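The form predicted alone is given below as one chain in structure tokens.
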């Protein structure tokens, strides 16, 4: 007797997710340039709000990791490097290079650390996370450049360091097992401490 063919599988209601976890990329080659700019600016503002108003109890703490981009982090990293180089009296280009190298190394270490802890993250997500959460330290570096007082620098850096670390907490908690959040956040905290020392030490 002829075998009865199996019925076709039912279509899934869940969206297709690519191997990288981000789903198929939309086709933006034919859209107007202004639409692309508006979409990128909207994403930057949305991600920046999550840093300016950090809340580890929000409904979707991993939103910024999924909707990562490099335009916002690029601006904040360049702004920090320029601010530190303007604050330095000598070797301005070396200060700028150190700031850039520190953040690039931090992104590599963060990626490896999360992967070793059994989490899921890629290098560009790490760079995006570190860049956006650098915003409070950018503000602190600008204040310290305008007001050259050691006591004020220490106070400002401590406040903005705590702000940056607290802003990174929800993103890291969504990338790793809840019991390993502290281990995942530790290298991020160390990197921001290094940036804080740079802000205080440069004169």
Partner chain sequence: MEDSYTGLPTSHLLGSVPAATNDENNTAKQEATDANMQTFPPNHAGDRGRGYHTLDNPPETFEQQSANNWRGVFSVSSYTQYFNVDTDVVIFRLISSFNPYGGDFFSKIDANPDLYGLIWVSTTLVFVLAALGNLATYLMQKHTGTSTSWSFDVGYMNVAACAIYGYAIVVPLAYYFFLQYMGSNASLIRFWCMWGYSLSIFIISSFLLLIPVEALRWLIIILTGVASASFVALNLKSCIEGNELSVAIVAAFFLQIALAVFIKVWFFA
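Numbering follows the first chain given and starts at 1. By rigid core we mean the largest C-alpha set that fits within 1.5 Å across both forms. These numbers were taken from a predicted model, which means no experiment stands behind them.
If you look for the form predicted together with its partner chain, you will not find it shown, but the lines that follow are about it.
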{"query": "Stretch in contact, per heavy atom within 4.5 angstroms of its partner chain in the model of the complex, of 155-163, 42-50, 136-144, 168-176", "finding": "168-176"}
{"query": "Contact of residue 113 with its partner chain in the model of the complex (heavy atom, 4.5 Å)", "finding": "yes"}
{"query": "Non-hydrogen atom contact residue 109 with its partner chain in the model of the complex at 4.5 angstroms", "finding": "yes"}
{"query": "Any non-hydrogen atom of residue 38 within 4.5 angstroms of its partner chain in the model of the complex", "finding": "no"}
{"query": "Its partner chain contact in the model of the complex: residue 127, any heavy atom under 4.5 Å", "finding": "no"}
{"query": "Members of 69-83 lying within 4.5 angstroms of its partner chain, judged by heavy atom, in the model of the complex", "finding": "none"}
{"query": "Residue 114 C-alpha shift between this form and the one not shown of 2 Å or more, rigid core reference", "finding": "no"}
{"query": "Core-aligned C-alpha movement of residue 83 between this form and the one not shown reaching 2 Å", "finding": "no"}
{"query": "Threshold 2 Å Cα movement between this form and the one not shown at residue 127, rigid core reference", "finding": "yes"}
